[in-house]
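Given next, in structure tokens, is a single chain: the form predicted on its own.
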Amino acid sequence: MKFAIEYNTINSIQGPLVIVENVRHAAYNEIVRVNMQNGNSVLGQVLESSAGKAVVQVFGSTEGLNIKDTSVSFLGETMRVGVSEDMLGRVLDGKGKPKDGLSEIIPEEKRDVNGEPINPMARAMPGDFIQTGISSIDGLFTLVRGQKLPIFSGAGLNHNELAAQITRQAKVKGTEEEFAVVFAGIGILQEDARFFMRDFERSGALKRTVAFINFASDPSVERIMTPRLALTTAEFLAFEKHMHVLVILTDMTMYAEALREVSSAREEVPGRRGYPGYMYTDFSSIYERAGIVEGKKGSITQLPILTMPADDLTHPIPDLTGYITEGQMFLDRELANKGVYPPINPSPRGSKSLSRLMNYGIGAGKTREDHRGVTDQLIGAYAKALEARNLSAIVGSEALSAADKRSLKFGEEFEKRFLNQGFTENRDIETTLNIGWDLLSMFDKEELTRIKSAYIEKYYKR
């Protein structure tokens, strides 16, 4: 730590903000220590520094502070976190302090939470198939190791259950190696935190998980730090301890709300819908910390979860996220209302789910040689089923042609047998593709125009 400079020149305290005057060389994002009159102290962060005045947001409550007896020590560095392999199995708060009642973690080293961008020339192309055991992901929107693939959800949908199931089941096909998991709960409810912790404990995933929990009642500036603490830990485990790390960030919408609140406190000119104009850059500084580095054995795969306000895909949060990440999975409210779990929308129209790196992780030697064709045929057949469903709602099912009736039946079976599966059901990729062939065999061979004839002869089941 650099030499700390202490100031007793607090001008005012406004909610979580402490205004300090006559400050020299304070820097944006610099960490400070607020020294209370009772001998205790709490950390804070510089939000703004200009003309000798520093605006500090405190990591905690400012209740009981008074201007006369409180001082602020500027520490001359940004937020750093102690990292260690012993963090696995631990639950920490949004400042990196133990939240599980166990002892402090003895760090192997301390790292800047802002991290360092991966040199583009050092990035390796992701190409290893991650088997999540969930047919709609593995079969249709395949996740690849080193990818960043967000889950776009809505209020009340079961994205938490999906994240917990992926955490429990994800592995690289052909190996028994489990992922280390870094979980960041950003502004979550205590009920949601209890759900994740119970599931991690019940499944045994907790022993390979580092959990950072920031509650909705915690300070906004702490919410901004939480994903950075998680990613700094993930980088240490991946690139120093050679682990394959799965990072789950939930909920990025709460992160963006905290970003807007802090921006407002700094009196910045707002951008779209009141969010700061630099939100794209800020999101990039988080999402781009996933990947694989040449010469390093580890990897970081990222699954950010965000709840779209009013299910609005054009909202700045999902809109900007979609530009930065390598695809997205949409949870569909209509499927959820039918009881389909997980309600991942496979329709090629409207809110389109896709994985931009899918082709690098599937095929012979990775999943199976027929994977791409089966995916394309299933999605195309489901699109026709939705058209037949819409037509049926207008003219009635009796007026449909035989082909439309068959498409309608396919859509029902596809939702029931392929998309829908149990919360604890773990399907390997062969099972998923075989279910796909069972469904496609409802059609004549001549209708399977997106699959090579050699694969049709091998796998067609009628």
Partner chain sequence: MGYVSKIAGPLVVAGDMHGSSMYDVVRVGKNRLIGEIIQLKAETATIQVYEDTSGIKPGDPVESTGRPLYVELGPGLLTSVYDGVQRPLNVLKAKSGTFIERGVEAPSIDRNKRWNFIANKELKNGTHVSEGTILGYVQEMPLIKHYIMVPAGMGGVLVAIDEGEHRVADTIARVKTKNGEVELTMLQKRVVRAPSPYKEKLDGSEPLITGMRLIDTLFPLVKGGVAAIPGPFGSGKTVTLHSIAKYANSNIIVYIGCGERGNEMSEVLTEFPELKDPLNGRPLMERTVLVANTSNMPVAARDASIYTGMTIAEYFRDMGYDVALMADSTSRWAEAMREISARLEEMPGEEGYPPYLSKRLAEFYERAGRVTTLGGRTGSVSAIGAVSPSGGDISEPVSQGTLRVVKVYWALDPLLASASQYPAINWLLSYSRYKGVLDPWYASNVSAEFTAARNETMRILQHDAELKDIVQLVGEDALPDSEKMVLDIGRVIKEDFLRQSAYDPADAYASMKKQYLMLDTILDFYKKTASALEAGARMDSLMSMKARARIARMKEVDEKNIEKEASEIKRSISEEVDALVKKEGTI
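Numbering follows the first chain given and starts at 1. No experiment lies behind these values; they were computed from the predicted model shown.
Not pictured, yet referred to below: the form predicted in complex with the partner chain.
- Partner-facing stretch of 410-418, 65-73, 432-440, 40-48, counted where any non-hydrogen atom is within 4.5 angstroms of the partner chain in the model of the complex: Looking at the other structure, the answer is 40-48.
- Message: To verify the annotation, which of these, 152, 183, 255, 196, has a non-hydrogen atom within 4.5 Å of the partner chain in the model of the complex?
- Response: Partner contact (heavy atom, 4.5 Å) among the options: 152.
- Task: State the residue from 189, 336, 293, 265 whose non-hydrogen atoms include one within 4.5 Å of the partner chain in the model of the complex.
- Result: Filtering the options by heavy-atom distance leaves 293.
- Message: in the model of the complex, does each of 239, 281 and 326 have a heavy atom within 4.5 Å of the partner chain?
- Response: Verified in the model of the complex; spot residues all in contact, yes.
- Message: I'd like to know whether residue 310 contacts the partner chain in the model of the complex, with contact meaning heavy atoms within 4.5 angstroms.
- Response: Flag for residue 310 set to no.
- Indicate whether residue 120 is a 4.5 Å heavy atom neighbour of the partner chain in the model of the complex. The answer is yes: residue 120 has a heavy atom within 4.5 Å of the partner chain.
- Looking in the model of the complex, any heavy atom of residue 146 within 4.5 Å of the partner chain? Taking the distances in the model of the complex, the answer for residue 146 is yes, it comes within 4.5 Å of the partner chain.
- Query: Is there a non-hydrogen atom of residue 364 within 4.5 angstroms of a non-hydrogen atom of the partner chain in the model of the complex?
  - Reply: No, residue 364 stays farther than 4.5 Å from the partner chain in the model of the complex.
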